[in-house]
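First comes one chain, alone, set out as structure tokens in the form predicted alone.
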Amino acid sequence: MKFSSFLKDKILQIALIIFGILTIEVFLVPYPYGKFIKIYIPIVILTLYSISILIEYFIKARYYSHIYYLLNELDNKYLITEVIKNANFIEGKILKDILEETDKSMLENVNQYKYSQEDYKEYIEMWIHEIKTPIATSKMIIENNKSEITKSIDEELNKIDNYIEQALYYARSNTVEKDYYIKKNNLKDIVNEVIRKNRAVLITEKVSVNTHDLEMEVNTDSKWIVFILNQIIQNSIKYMKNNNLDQINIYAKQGKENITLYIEDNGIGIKEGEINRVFEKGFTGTNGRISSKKSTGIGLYICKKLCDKLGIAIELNSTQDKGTQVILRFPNDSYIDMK
């Protein structure tokens, strides 16, 4: 708080004090008081008032400066009411009361919004589980009535199932800590499970998968990492060149601090200027706008979000018309800080 600003706020008081002193001097004129008295009175009044102004300024300046300091130190600014001390002047007490009431009102609104979001999330999860039943039933019917038509229907059902799975994991992505179990998992088993999930589409699209050096154990949640790898594999399949030479290579390398998993394809790749945006929510890029591809721009966004929650680093490198490489780095340390 600047002293000049403080004085501007006191301008009315100063004007009234000066007016009062002048009034006193005018009233003293008719009386036979000496010059000493007439000078002493205004000096005393001005001196005492100046001292009171300075004391008030230093008290308030120290209090408000401390509040600004605490505010800058806090990551969550709304917690300021928890750390500021009670003021020994009325304006500071009023300010603290106002902040506490505002904070209380904000928390009530946030909690109301949180409960609303929780209700909506629970409904989405319930709906997803319910919709999986008719999809599974439809697949059984297709299995018992195989034909070219039912084969096409089955492919579309697989796409629907993938979108539903995306919705489920997206709904849960903000509360991973409530639905995860970190333990050692065999990387080869995880990759093989993902390949089995995509076996039909891999055969249909004539995409070969080569795996090697996967006999390693990583600290992760198998359910979440299977979903992440599934999204990456499906992206690779979607953006292949369809020239009977399409392939995906999956392998791992052991490092001092982590195990690195590589998923490489020889698909159409990504434009150089778009690589840094592939993990953004809703970003589809040039490839995603191709009518035969039709990307939602949500798959890699969810992957990045889940990887951050699980402590897994995810990177993407790509060259247009040559292919794409996705890298997952699993920390050797089993400790994961879930935030």
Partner chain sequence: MQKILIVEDDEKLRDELEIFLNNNGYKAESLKKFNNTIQDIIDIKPDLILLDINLPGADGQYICKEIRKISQLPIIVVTSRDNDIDELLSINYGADHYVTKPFNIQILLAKISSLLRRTTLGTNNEKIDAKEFILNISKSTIERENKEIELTKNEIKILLHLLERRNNIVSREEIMDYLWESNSFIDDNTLTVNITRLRNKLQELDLKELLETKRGQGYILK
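Source: prediction; values computed, not measured. Residue numbers count along the first chain shown, from 1.
Omitted from view is the form predicted in complex with the partner chain, to which the following refers.
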Interface segment, criterion being heavy atoms within 4.5 Å of the partner chain in the predicted complex, picked from 222 to 230, 74 to 82, 252 to 260, 109 to 117: 222 to 230
Within 4.5 Å, heavy atoms only, which of Lys121, Lys93, His129, Lys104 is in contact with the partner chain in the predicted complex? His129
The listed residue (Asn186, Ser208, Asn242, Ser152) that reaches within 4.5 Å of the partner chain in the predicted complex by any heavy atom is Ser208
Even though the partner chain is not shown here, does Lys238 get within 4.5 Å of it in the predicted complex, heavy atoms only? no
Given that the partner is absent here, does Ser147 sit within 4.5 Å of the partner chain in the predicted complex, heavy atoms only? no
Closest heavy atom of Ile141 to the partner chain in the predicted complex, within 4.5 Å or not? yes
Proximity of Ile135 to the partner chain in the predicted complex, heavy atoms at 4.5 Å: yes
With the partner left out here, if you bring back the partner chain in the predicted complex, are Arg172, Arg196 and Arg199 all within 4.5 Å of it by some heavy atom? yes
